[in-house]
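Given next, in structure tokens, is a single chain: the form predicted alone.
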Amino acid sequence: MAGYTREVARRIFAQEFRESNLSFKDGDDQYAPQYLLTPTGAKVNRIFIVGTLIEKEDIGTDSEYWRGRVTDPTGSFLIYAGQYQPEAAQVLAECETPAFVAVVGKPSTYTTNEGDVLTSVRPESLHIVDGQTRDMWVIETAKCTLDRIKELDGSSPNAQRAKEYYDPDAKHYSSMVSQALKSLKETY
């Protein structure tokens, strides 16, 4: 009997996440996992972000449905939590902004009538954390991103697919990492 293993939650900066728009399934099965491939070649089924929750709003009509904006040094993520993410929705409902939060969730894409692809995160878990946790996330996410940028010249299938689809500018993403790390120096 094969066991179920959870996908690793990938660390992605907001800027790269917002610039991602290639969604696909691994397999034809209706239960096949859904992925988002980022320009640096991260194959994301789950995402791990830590940032500052700067705004939140209950946008639900019949029941609570929360939208939050979480920022990192490169931009912001939109998160949506409702009846199917009750713990995350409760944290959003009760927490004061601004607050440092850690979020593990599923990437979600939506294509507008104009053809633009909007990205967001459906939180599986959302916790209030401290500034040191946020700073460690920035450092670790910078390392992960730099590793993926180096791999773009390699032969991994994800890197090859990202290169073919996005034609990513490695300097653009290296600069994003530098900007994120520089923000930490300004804090201390």
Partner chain sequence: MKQLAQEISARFSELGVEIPIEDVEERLDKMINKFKVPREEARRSVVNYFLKSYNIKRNEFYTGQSESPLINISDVDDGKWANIRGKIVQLWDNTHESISQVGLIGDETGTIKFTIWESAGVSSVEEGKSYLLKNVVVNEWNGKFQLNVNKSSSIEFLDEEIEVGNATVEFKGAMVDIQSGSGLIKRCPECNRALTKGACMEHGKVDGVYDLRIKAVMDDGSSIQDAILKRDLVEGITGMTLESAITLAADALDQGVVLEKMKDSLVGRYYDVKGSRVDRYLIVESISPTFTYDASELDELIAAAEVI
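What you see is a predicted model, and the numbers here were worked out from it, not measured in a lab. Residue numbers count along the first chain shown, from 1.
The same protein has a further form, the form predicted in complex with its partner chain, not shown here; the description that follows concerns it.
- Proximity of residue 87 to its partner chain in the predicted bound form: non-hydrogen atoms within 4.5 Å are present.
- Using a 4.5 angstroms limit between non-hydrogen atoms, residue 130 touches its partner chain in the predicted bound form.
- Looking at residue 23, you'd find every heavy atom of it more than 4.5 angstroms from its partner chain in the predicted bound form.
- Contact between residue 29 and its partner chain in the predicted bound form is not found at the 4.5 Å heavy atom cutoff.
- Taking a 4.5 Å heavy atom cutoff to its partner chain in the predicted bound form, the contact residue among 125, 52, 158, 120 is 125.
- Contact with its partner chain in the predicted bound form holds for none of 67, 92 and 99, as no heavy atom of theirs lies within 4.5 Å.
- Between 158-166, 58-66, 141-149, 33-41, the stretch whose residues reach within 4.5 angstroms of its partner chain in the predicted bound form through a non-hydrogen atom is 141-149.
- In the predicted bound form, 149, 150, 170, 171, 174, 177, 178, 181, 182, 184 are the residues of 147-184 with at least one heavy atom within 4.5 Å of its partner chain, listed from first to last.
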